[in-house]
Structure formats: structure tokens, C-alpha cells
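Here you get one chain, nothing else, as C-alpha cells; it is the form predicted on its own.
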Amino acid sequence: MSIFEYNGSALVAMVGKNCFAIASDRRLGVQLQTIATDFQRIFKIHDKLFLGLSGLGSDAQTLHQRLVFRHKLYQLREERDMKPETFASLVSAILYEKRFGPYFCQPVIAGLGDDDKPFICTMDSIGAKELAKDFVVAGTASESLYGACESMFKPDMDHEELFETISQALLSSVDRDCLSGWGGHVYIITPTEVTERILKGRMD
């Protein structure tokens, strides 16, 4: 078993019309044994920027703390919030400087940039970015997430339709992966509000 699969995870971010959604499962396991059913994988950097970290749970928490620290320094120096593109470059640089002993995480970055244009990207554990216009996935359920998102995604969805689509994609995908699941955690971000919802899924 790969170290990336040790705790199990499922992460997906999806773009709508001037909005985006990011969702994860809630299971923390040690291989096939479930340890917690309310584990947080999605973190708010600021009101229009969210970070999801799949992979090893302890490395995800460490990396999140480092990124919050770097973002606060940026806010003090620049007196503004970081743009999603800038934040993606920061995450990439932090991961790449540890390339010989990497954080075992696959980050998903989602935010609203200039003119409230949604930005999503993911990267591997050494910071190689993969940008997308529709959706990005990460974690042990990523293969089934690709299939579900490919079939359900359509461009320019409003925030309610986007919530429905990402929720159905997540729930149907984690049912096909025994290392992730136990409900879901969904954030829908529009230029004016952030909506957080908890999904109930199969408890096995």
C-alpha cells in the first residue's frame, strides 16, 4: 500500500458560473480500520480561497499550518489577500523545496480571482501543477471521481446546481472506494457568500 493511501481520502473541486465548489469525504483511517468520521481535509485560507489536502493526514495538517503562516506574513507585508494563482505558486514552491523528503499530500486549490473568475488546480507531492477549467480530483477515490465528474459536469452551472452535481459525484465515487467515505463536506463559494454543508453517506 502506498503511503498516500494510508489514511484514505477523496477530494474534488468544480467550477460553476462565477462560483466554485470544493468537497471531501470525512473518513480518517489507518488502512482498513476507521479512526475518525469527522476529519477535516478542506481549509479556508480567506473568504475566496480554499485548500484541500488529500494524502497522509499528519502531513496535511503540518502543511496547512505552514501555508497559513506564509499567508499571514503575505497579508502583513502586502496588506491584501493572496490571489489563487499566487497561492498555488506558493504551495508548489513549498512542496518542491522538500522534494527529497516530500510531504505526502496532493493539494487541491480553489479560489475566485480577478473579476470573480474561478480558479482550480491540483498538484503532486513535489509541486507539479495541473490546471483545469472544469474540475480537479485527488485522493484514493480519484479514479472513480474522474468518471463521475466527467459524466455529471456541465459548464456554467449556478451554485445550487453545482452543489447537487459535486455532491452526487462525491457520494457515488466514495461508494466505489473502501478507503474513503463516511459522509461528505462541501463548500460552495460565490462572490458574496460561503456555504458549508455536511453530507450523510454510507457508514461502512
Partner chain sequence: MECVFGMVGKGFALVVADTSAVNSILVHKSNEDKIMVLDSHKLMGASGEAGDRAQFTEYVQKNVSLYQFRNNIPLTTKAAANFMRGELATALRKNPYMVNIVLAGYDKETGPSLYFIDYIATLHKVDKAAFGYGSYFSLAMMDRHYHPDMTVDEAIKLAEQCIEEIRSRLVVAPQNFVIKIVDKDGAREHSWRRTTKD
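Residue numbers count along the first chain shown, from 1. Predicted, not measured: the structure shown is a model, and the values here were computed from it.
Beyond what is shown, the protein has a form predicted in complex with the partner chain; the following relates to that form.
Using a 4.5 angstroms threshold between heavy atoms, residue 74 stays clear of the partner chain in the model of the complex. Although the partner is absent here, residue 33 sits close enough that one of its heavy atoms falls within 4.5 Å of the partner chain in the model of the complex. A residue is said to contact a partner when one of its heavy atoms sits within 4.5 Å of a partner heavy atom; residue 164 fails this definition for the partner chain in the model of the complex, lying far away.
In the model of the complex, the partner chain stays beyond 4.5 Å of every heavy atom belonging to residue 4. Checking 171, 149, 42, 28 against the partner chain in the model of the complex, a heavy atom within 4.5 Å turns up for just one residue: 28. Heavy atoms of no residue among 89, 113 and 123 are located within 4.5 Å of the partner chain in the model of the complex. From the list 98-106, 114-122, 78-86, 128-136, the contact stretch for the partner chain in the model of the complex under a 4.5 Å heavy atom rule is 98-106. Contact annotation for 59-89: residues with any non-hydrogen atom within 4.5 angstroms of the partner chain in the model of the complex are 59, 61, 62, 65, listed in sequence order.
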